[in-house]
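In the block that follows, a single chain appears as structure tokens, in the form predicted on its own.
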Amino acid sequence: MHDIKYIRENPEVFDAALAKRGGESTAQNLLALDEQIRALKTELQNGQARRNEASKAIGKAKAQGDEEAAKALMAEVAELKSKMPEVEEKEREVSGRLQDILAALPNLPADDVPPGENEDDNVEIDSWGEPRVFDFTAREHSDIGPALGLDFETAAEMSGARFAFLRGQMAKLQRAIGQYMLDQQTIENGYQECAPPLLVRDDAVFGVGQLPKFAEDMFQTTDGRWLIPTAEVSLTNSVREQILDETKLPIRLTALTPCFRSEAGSAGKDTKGLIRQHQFEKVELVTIAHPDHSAQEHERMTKAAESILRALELPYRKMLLCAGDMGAAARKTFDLEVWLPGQNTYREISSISNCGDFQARRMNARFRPEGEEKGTRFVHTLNGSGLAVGRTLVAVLENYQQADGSVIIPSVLLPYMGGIETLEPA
């Protein structure tokens, strides 16, 4: 959500920032509605003041025996009383229109976000690890997996496309990956483990920017609740409608949860394998930060995600997303892309975003600066994958595959595997 006061004071800057994301100039329309709202509020205030003044004058006129003046004043009060509800309704209607437009607009990109329209315009800023050289033709995980317990056919029969049924050693490996990530993010990187709700109400998904524009990307239950597309929704909303103590910041949270996405806009993309599923697991990282420190927290969160890839010895690159490729709520985003030898390319495995105060305004999440009794400021919110479990499973299968179809377990996962050191094909 945007601050109309900021737009009022910086209309050209606001439009230029929206244009960087491919949006149209809209400040003039917003300010026209804002001016109308302020005029209506002034009319209401003046009307109420005059009504109070006239009401007092009625008694005074009657006390002086001036019935004609009293009748005139009573008629004026009656007219004001009948007119004010119309003005109030008009003010509510125009305010609603302004809020709807503001709610649908994306966040403004940070100054150092490069311009661009899509992933082709993203900028590589770092890389780690050398892709393994195979002495055989590397295969994709969807070709390796079925002999190891990755069952797409059974899942398709009961649930349709974009689901998987994991069995035996494959299910154990997925669980090991998730548990290892959760331990690393809590023990090594200082995030507090949470077990949040998977079903949330409208105001929670509105708070992080999923509603109203991205409803089709989610699943909704018959009672109107939404299945979370990511634990970001639940974790970020844990500070909704709160005034936090400045000394409590930053608040760093993490959770390993199922995630549910309709993938409405991905027809024909990644229909094979685990890359793009309706249901998957992810370790999510969320930070509620002081505005002055959110840039440092963004770098810290990115390093926390990178630490998992390095421990698993998976080559990756760090990308700075261009304005046109960022999520709507993001102010600045880093993507981590892991090397997949079966596809002979890098694929996104984590997206880490600084949302500034965009989500906080929608949630009314604030903090009180130390030493101040009345003033409050909006917090900054950050979120990222630490990491997506399914895509990490894909990366392990493809990077640790052997010529005979087996897969070696990365050393850091061995304590979670119950003695299994290699996935063996059936």
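The term rigid core refers to the maximal set of C-alpha atoms that superpose within 1.5 Å between the two forms. The structure displayed is predicted, hence computed values, not measured ones. From 1 onward, residues are counted along the sequence shown.
Keep in mind the form predicted together with the RNA is missing from the figure; the text below concerns it.
Quiz item: At the 4.5 Å heavy atom threshold, is residue 28 in contact with the RNA in the predicted complex?
Solution: Answer no; every heavy atom of residue 28 is more than 4.5 Å from the RNA in the predicted complex.
Quiz item: Quick one: does residue 328 come within 4.5 Å of the RNA in the predicted complex, counting heavy atoms only?
Solution: Looking in the predicted complex, residue contacts with the RNA do not include residue 328, since no heavy atom lies within 4.5 Å.
Exercise. Find out whether any non-hydrogen atom of residue 32 is located within 4.5 angstroms of the RNA in the predicted complex, and reply yes or no.
Key: Heavy-atom contact with the RNA at 4.5 Å: absent for residue 32.
Practice problem: Consider residue 52 of the chain shown here, and say whether it contacts the RNA in the predicted complex, taking contact as heavy atoms within 4.5 Å. | Solution: Taking the distances in the predicted complex, the answer for residue 52 is yes, it comes within 4.5 Å of the RNA.
Exercise. Report the stretch among 139 to 147, 348 to 356, 70 to 78, 333 to 341 that approaches the RNA in the predicted complex to within 4.5 Å, counting heavy atoms only.
Key: Single hit among the candidates: 70 to 78.
Quiz item: Does every residue of 8, 45 and 243 put a non-hydrogen atom within 4.5 angstroms of the RNA in the predicted complex?
Solution: The answer is yes; 8, 45 and 243 each reach the RNA.
Quiz item: Here the chain is shown alone; which of 201, 83, 317, 167 has a heavy atom within 4.5 Å of the RNA in the predicted complex?
Solution: Checking each option against the RNA in the predicted complex, the one that comes within 4.5 Å is 201.
Exercise. Take the rigid core as the frame of reference and indicate whether the C-alpha of residue 77 shifts by 2 Å or more between this form and the one not shown.
Key: True for residue 77: a C-alpha shift of 2 Å or more.
Exercise. Align on the rigid core first; then say whether the Cα of residue 36 has moved by at least 2 Å between this form and the one not shown.
Key: Stays below the 2 Å threshold, so no.
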